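Just the one chain here, the form predicted alone, laid out as structure tokens.
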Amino acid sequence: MKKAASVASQIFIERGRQVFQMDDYMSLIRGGHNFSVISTATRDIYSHYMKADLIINSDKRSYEMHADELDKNGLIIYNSDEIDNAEGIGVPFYSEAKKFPAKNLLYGVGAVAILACSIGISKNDLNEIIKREYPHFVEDNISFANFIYDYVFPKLNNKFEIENGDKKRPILTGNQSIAFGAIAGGLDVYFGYPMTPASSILHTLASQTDKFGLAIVHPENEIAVINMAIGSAFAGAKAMVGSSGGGFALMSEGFSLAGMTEAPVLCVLSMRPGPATGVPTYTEQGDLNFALNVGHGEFLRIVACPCSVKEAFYLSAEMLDLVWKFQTPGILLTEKHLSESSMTVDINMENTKWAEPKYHKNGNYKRYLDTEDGISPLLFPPSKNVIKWNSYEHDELGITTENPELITKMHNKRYKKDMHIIDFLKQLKTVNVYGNGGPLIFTYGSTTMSVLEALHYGDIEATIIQPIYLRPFPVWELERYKDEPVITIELSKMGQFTSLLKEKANIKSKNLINKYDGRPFDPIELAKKIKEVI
């Protein structure tokens, strides 16, 4: 089904249209109900729509679950081998597929054939698509697809006339965008232990090792992941790690180690519903407080959260630059909805940051030299100088100390970087603002995409304010809103983002619209809720 969805997306992309694809799958080992939703437009499109013009079901369960999601002018396809006399068009998927050796793999090919027929793609063009996208069992795939095409042709031919868009664009998932953005920012090494929804960062980077000279490592657990990343940074490699809530919880001690050693490690934390195992393959924003505060002791960290697949690319490179510039760990916070959804994007490589740290040049080396800005020059082995990173409190050379004056001095040294980070962030774009009238809506992360699409669907005039950076929190950009009535929208039960706004910027939410069932906001439903609170 997911392959069929990616082929469907590509069909629209070939016509110059923009696409948003959301894949929904269960975490059950024995399988579950899996489906994909493809939404397309000639304009920028930021979210999927559950109300569909065309629904293709390959079994009875799918029909029963999705029949209510058909648009009033839409058409639903069902498997006539499992259902009799239902609303829509029945197609004998199983009885035709069983004629072929790979019968269980043919339903997706049939779905592509139905889509092709419905938007006026000729059978010859369909066959070319199948040759390109399904290189195995080509003759069987074409034979099955042509049967399905001919079967639905009398009722479905060119039912949905779609306009061509302006140009063909690449399509990326959020995790692919994070991976390529990190490469563009100078990534050398990535460590990851697979955990949904961060796993595909590991897979994407592993496929690019030869092309970009990367070292991609799958260690035995998440504790090894963070410690190996710190060790790589010690040797001068620009390192990134990725995980989800439970895996990152195992990294918390190592993250604190990065704080003490001032190790420039970038961590990707892709949120899913918790606590504990939670709902592994769905989405939520319940780890915000965790990301802002993870690790024991007091130390600086930079936390940023992209709102779209495109922003994820640039922000990954920017965060890699920041953690190396200020020698402090950082978290790129995202969610399953962004990590695993696909969007068409326009990306300009010239706009990416390249990580450039401060290097030691000559003389005796002190790893933790107390400089004016708290940033100590870096030196990497091999070297005649002693280079000592220490998990204990230490002096400027990195030698363990329990002296109270030195403890105070090194705390102050590390904390000096705080104001310099803030001053540097003031030169960057730390907040996105969409619109310039109507009520104020505060949101963050991928929920921003849902809000943008809801405003478009509902023809609602509003101003969306989306902080990109969450620690340090950009109060210098937000203080102008502190006396204004605002609406907050987020995917968490406790309203963690709403509380953060109040705590850091004294912005009080008049109305909180929140959702915490593991599913992202649907723009139609969200538009109704926004109108209600307005």
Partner chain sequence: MNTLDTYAENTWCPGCGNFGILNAFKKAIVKLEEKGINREYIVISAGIGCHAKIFDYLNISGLYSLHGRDIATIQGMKIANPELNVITFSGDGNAMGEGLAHTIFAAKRNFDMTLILHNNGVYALTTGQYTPLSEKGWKGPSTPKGSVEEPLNALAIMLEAGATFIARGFPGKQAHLTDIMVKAIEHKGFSFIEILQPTVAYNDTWQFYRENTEILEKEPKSFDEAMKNVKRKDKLPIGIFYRIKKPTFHEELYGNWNPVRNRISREKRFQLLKQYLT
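Positions refer to the first chain, counted from 1. Every value quoted in this text rests on a predicted model; they were computed, and no experiment measured them.
Another form exists, predicted together with its partner chain; not displayed. Remarks below refer to it.
Quiz item: Which one, 180, 326, 149, 93, lies within 4.5 Å of its partner chain in the predicted complex by heavy atoms?
Solution: Only one listed residue qualifies here, and that residue is 180.
Quiz item: Ok, 384, 361, 72, 136: which has a heavy atom sitting within 4.5 Å of its partner chain in the predicted complex?
Solution: Selected residue: 384.
Quiz item: Want to guess which of 275-283, 157-165, 369-377, 328-336 is within 4.5 Å of its partner chain in the predicted complex, heavy atoms only?
Solution: Only one stretch qualifies here: 275-283.
Quiz item: Should the three residues 7, 23 and 37 be counted as contacting its partner chain in the predicted complex, with contact defined as a heavy atom within 4.5 Å for each?
Solution: Negative, none of the three is within 4.5 Å.
Quiz item: Is there a heavy atom of residue 392 lying 4.5 Å or less from a heavy atom of its partner chain in the predicted complex?
Solution: Although its partner chain is absent here, residue 392 would touch it in the predicted complex, with heavy atoms inside 4.5 Å.
Quiz prompt | Any non-hydrogen atom of residue 84 within 4.5 angstroms of its partner chain in the predicted complex | solution = No.
Quiz item: Any of the heavy atoms of residue 231 lying within 4.5 Å of its partner chain in the predicted complex?
Solution: Residue 231 belongs to the contact set for its partner chain.
Quiz item: Given that the partner is absent here, does residue 432 sit within 4.5 Å of its partner chain in the predicted complex, heavy atoms only?
Solution: Although its partner chain is absent here, residue 432 would stay clear of it in the predicted complex, with no heavy atoms inside 4.5 Å.
Quiz item: Out of 215-249, which residues reach within 4.5 Å of its partner chain in the predicted complex, heavy atoms considered?
Solution: Heavy-atom contacts to its partner chain in the predicted complex: 215, 216, 217, 218, 219, 220, 221, 222, 223, 224, 227, 228, 230, 231, 232, 234, 235, 236, 237, 238.
Quiz item: Closer or farther: how do the CA atoms of residue 221 and residue 31 lie in the predicted complex, compared with the form shown, if the change is at least 3 Å?
Solution: Compared with the form shown here, the C-alpha atoms of residue 221 and residue 31 sit farther apart in the predicted complex, by 3 Å or more.
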